[in-house]
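We begin with a single chain expressed as structure tokens, specifically the form predicted on its own.
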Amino acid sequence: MKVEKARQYVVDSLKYALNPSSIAVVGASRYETKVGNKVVYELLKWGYKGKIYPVNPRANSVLGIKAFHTLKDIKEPVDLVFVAVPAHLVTEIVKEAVEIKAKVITIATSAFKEIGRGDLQNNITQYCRDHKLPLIGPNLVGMGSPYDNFNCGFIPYLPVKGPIAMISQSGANLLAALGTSQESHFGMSFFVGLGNKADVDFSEFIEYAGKDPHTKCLAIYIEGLDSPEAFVDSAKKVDKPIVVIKVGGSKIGVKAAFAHTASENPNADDYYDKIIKESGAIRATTWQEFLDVSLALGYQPPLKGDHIVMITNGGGAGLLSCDHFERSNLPLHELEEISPLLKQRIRAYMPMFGSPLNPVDISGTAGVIQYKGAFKQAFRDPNVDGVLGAICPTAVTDVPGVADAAIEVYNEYKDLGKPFIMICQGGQECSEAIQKLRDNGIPAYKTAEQAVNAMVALYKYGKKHFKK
């Protein structure tokens, strides 16, 4: 249902959804194949410190925790009610949640508007709004935060800690992002699946993320906007980068989005382009770009200008980057155009056959000393706005050593506010280097195109940021 703008009581209550002191899990089954059982299991597995109240009318305990037959049997305060029961039982559960004065209710249950039962969904939503009980969902996978060891839903793992808030209508894509976080160290502050977003809207989570101290970038997956004006209003209020991927614009995608999360997309794709541009967000067109750009904006400062210096030990990575920068309307400048003195200084860290153009090719024989020296010269030069490094693992390349050197130089010069991004093309040693670089705040990628997309996003955000 539509909201005119973010409701303050909802924004204020979202802390109880992402950092509750107590949770009632309605539908907490004794059988491990059931969703309600998994919710309790994952809360315990990941170390949730609050109180858990399983609710099951036919059980006295679930996973060793005392169970209650109804919500009304719980005599302690309940911050969050998580519902995992069939749709026809949800109305009564919502009424009980209001009666016990729960702060937030999350409904994982499906079979609402997405299968034509819009009236049932709307009636439940209106009841929650009448009683100022924020409702997240229905038809969602869950939510959580690694900072609070909080994994609430049928979700197999928490992400690693980091600066990116992931707000997604799609549970499947949210799970994919969480898996990427575990595998590639894509750090998150919190995550939430909105599902059908019958009540709590994007705008309210945007404003919550704007105040969250762990969040530096918002990554938002949209299938449909019921309240575009509220979205724009809230996005403009938040002084943090926002990356959006909007799907369901293709002819068959319109139908698929409705069947998935009851999202209606009657407007053309250029309509959403306009909305996203008006909000000040950056739009990604592919899932990989969405993750790559969010990572960069979460970890690095905006790019102040277009003087980017690339340092590489492989000409191929440099050429791929040159071409993609130009396709992205951010062509690289030759080193002499950026800073004539830098060309001379950086020559000390390359053999005679190296290339001091831009990209700066310090050659396949380059070791840790050459990388460290070249990185330092680029950071020190006042005419340089950002640095892009690339590692190609030749037989003599010390990939872990170069990663350590990059981290050392970054820590020494990061107060200058110059973005630093790395490309690590190769096998297992490069995958491990990417993880280590990301753990130390440096966005690192497997391909030149990913890294260039990230730097271009920092430039776009910089143009907006430095106008203020």
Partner chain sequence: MGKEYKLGTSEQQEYLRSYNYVPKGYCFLEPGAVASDSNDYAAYNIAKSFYQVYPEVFNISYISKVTGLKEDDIKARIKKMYENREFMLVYNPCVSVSGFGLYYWVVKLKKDTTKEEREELTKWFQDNDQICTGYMMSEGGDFDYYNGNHMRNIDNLVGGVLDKFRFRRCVEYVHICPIRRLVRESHVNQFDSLKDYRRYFFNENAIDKLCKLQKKMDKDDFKIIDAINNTKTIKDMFDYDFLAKLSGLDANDLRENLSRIVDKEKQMFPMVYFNYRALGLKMHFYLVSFFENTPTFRSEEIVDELANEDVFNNIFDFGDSHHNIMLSCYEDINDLDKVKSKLLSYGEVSEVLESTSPRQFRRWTCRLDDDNGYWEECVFTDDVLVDRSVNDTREDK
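This is a predicted model, so every value here is computed, not measured. Residue numbers count along the first chain shown, from 1.
What comes next is about the form predicted in complex with its partner chain, which is not displayed.
Remark: residue 38 does not count among the residues lining its partner chain in the predicted complex, judged by a heavy atom distance of 4.5 Å or less. Contact annotation for residue 306: none of its heavy atoms lies within 4.5 Å of its partner chain in the predicted complex.
Heavy atoms of residue 91 reach within 4.5 Å of its partner chain in the predicted complex, making it an interface residue.
Mapping the unseen interface onto this chain, residue 47 falls outside it, with no heavy atom inside 4.5 Å of its partner chain in the predicted complex. Heavy atoms within 4.5 Å of its partner chain in the predicted complex belong, among the stretches 92 to 100, 273 to 281, 231 to 239, 178 to 186, to residues of 92 to 100. The candidate spot formed by 57, 72 and 120 is fully in contact with its partner chain in the predicted complex: every one of the three has a heavy atom within 4.5 Å.
Here is the short version: of 436, 51, 414, 30, the single residue with a heavy atom within 4.5 Å of its partner chain in the predicted complex is 30.
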